[in-house]
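Only one chain comes next, encoded as C-alpha cells, the form predicted on its own.
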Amino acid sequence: MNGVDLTRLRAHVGGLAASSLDAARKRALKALETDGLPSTRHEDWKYTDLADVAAISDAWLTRPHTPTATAAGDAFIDELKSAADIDWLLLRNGSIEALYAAAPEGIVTSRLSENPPPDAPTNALTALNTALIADGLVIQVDANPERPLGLLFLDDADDDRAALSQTRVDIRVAAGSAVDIVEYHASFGDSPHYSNAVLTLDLGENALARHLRVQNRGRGHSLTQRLDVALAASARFQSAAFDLGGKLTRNDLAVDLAARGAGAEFDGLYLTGEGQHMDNHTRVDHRVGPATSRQAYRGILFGRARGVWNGKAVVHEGADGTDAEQENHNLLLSEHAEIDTKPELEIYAEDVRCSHGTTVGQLDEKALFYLRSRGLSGDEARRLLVRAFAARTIEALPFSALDVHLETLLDTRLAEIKDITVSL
C-alpha cells in the first residue's frame, strides 16, 4: 500500500479487540492490499498527493498510541460549549469519548459494533477507516430535536510522536423528522497528525437535515473527510462548509438523489493561505426526476496556497425533470496562489435544466478606488472587499447557532492576509 507498511497494518488490525466489526475490517484490509491509497495518477486525486498522510500513518503503525489530552483542547471544548446552545457529542483522538448521559428527546445513540456491520467500502480512504477503527457511532433521529446536534472531532498532537485518528459516524433520520447537525473538526499541538473521518447521512421520506461543517485544524495537521448522503422521496439536505485550518485537507461529499422530489443545496467557503492545500470534491447523482441540486463554493487564496474544487453532477438515464446547478468562484490574493477548478456535468436524460460555471480573479481596482474615495485606506478597502466576498457563504448558513463564532473565526483568518494583489 502506498507508503504504509502492510505487515504492520495487518498486525494492528489483527490486534484490535474482537467485535462484530471483524468481518468488515478484513474486507477493508483486503481492499487496501489490492488497491492501496490513491495516487496522483488517479483522475480524482491528480492535484492532491497523499504521501504525507501515508507517512504519518506508517509512523503511527510503527508506534501506535493514543495521544494525551492537551490543555488547549480542554479549553476549546469549554469555549465551544459556551458559544452556542448545542448538544455536543465528543469524538476525541478517534474514540467515542462522550455519549449523552441522557439523550435529547428524539435521538438514540449506539455504537457501530452494536449494529449490523457497515457495507463493503467503495473507496480507499473509507477502507482505511473501516480497517482501523476501534468502534464508531450510530445516531438515530426519530423526532425533531429542540437544539442542534453537535459532532466535535477533536484531536491532540503534542507528545512528539506522529498520531492518527479514524472516526466513523452514521446518522439516520426517520421519515418526517428534521434535525440540525454541526460537524466540527479541530486539533491542537505541533506533532504530525492525520485524521480520517467517514460520515453517512440517510434521510427518510420527507425528512430534513440542515448541516454545518467547520474545519479549523492546526496548521501542521492533515484531514481527509467523507460524507455520503442518501435521500428518500421529498427529503431535503441543506449544508454549508467552512475550511480555515489544516495543512492538507480533502473533503468528499457524495449526494444520492434516488427518489422523486428530493433536493440538496450546499455551499462552501475555503480560506487557503501560506503552505495550505485544500481540496473539495463533490458528486451528486440524480437517479430519478424531478429532483434538484444546487452547489456554490467560494475560495479565497493567499500566500503560497493551493486550492482544488471539483464539482460533479451526474444525471442518469430516466432522470427527467432534473434541475442541477453548480458554481465556483475564487479570489487569488497573491501571485503565488493557485486554484484548480473543474465543474462537471454528465447528462444521460433529455428533459433537464442544468448549468455550471466558475470564475477565478483578483480584487477589482475600480471597486478599490471607489472605497478609497470614500475615505478608506488601501488596506481597509481591500479587506472590506474580501470580507464581502466571504460573507455570501455566511449569509447562506442553514441555521444560526454558530453564526457569531464563525464570524469571529473568519475575521481572525482574514486578518492574516498580507500583500493583496489587485487586478490591473
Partner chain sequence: MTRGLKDNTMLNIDNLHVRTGEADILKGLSLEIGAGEVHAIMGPNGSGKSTLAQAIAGHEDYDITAGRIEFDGKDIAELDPEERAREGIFLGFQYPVEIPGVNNAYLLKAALNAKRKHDGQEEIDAFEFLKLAKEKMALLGMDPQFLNRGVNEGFSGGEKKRNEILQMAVLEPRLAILDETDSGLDIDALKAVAEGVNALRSEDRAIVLVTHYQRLLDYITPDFVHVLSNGRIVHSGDKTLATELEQRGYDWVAQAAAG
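In this text, all values refer to a predicted model and were calculated from it rather than measured experimentally. Numbering follows the first chain given and starts at 1.
Keep in mind that the form predicted together with the partner chain is missing from the display, and what follows is about it.
K.L.:
Of 65-73, 48-56, 374-382, 30-38, which is the one stretch near the partner chain in the predicted bound form, taking non-hydrogen atoms within 4.5 angstroms as near?
P.N.:
Of the options given, it is 374-382.
K.L.:
Classify A391 as contacting or not contacting the partner chain in the predicted bound form by the rule of any non-hydrogen atom within 4.5 angstroms, answering yes or no.
P.N.:
Judged by the heavy-atom cut-off of 4.5 Å, A391 is in contact with the partner chain in the predicted bound form.
K.L.:
Against the partner chain in the predicted bound form, would K366 count as a contact residue? Criterion: heavy atoms within 4.5 Å.
P.N.:
Answer yes; at least one heavy atom of K366 falls within 4.5 Å of the partner chain in the predicted bound form.
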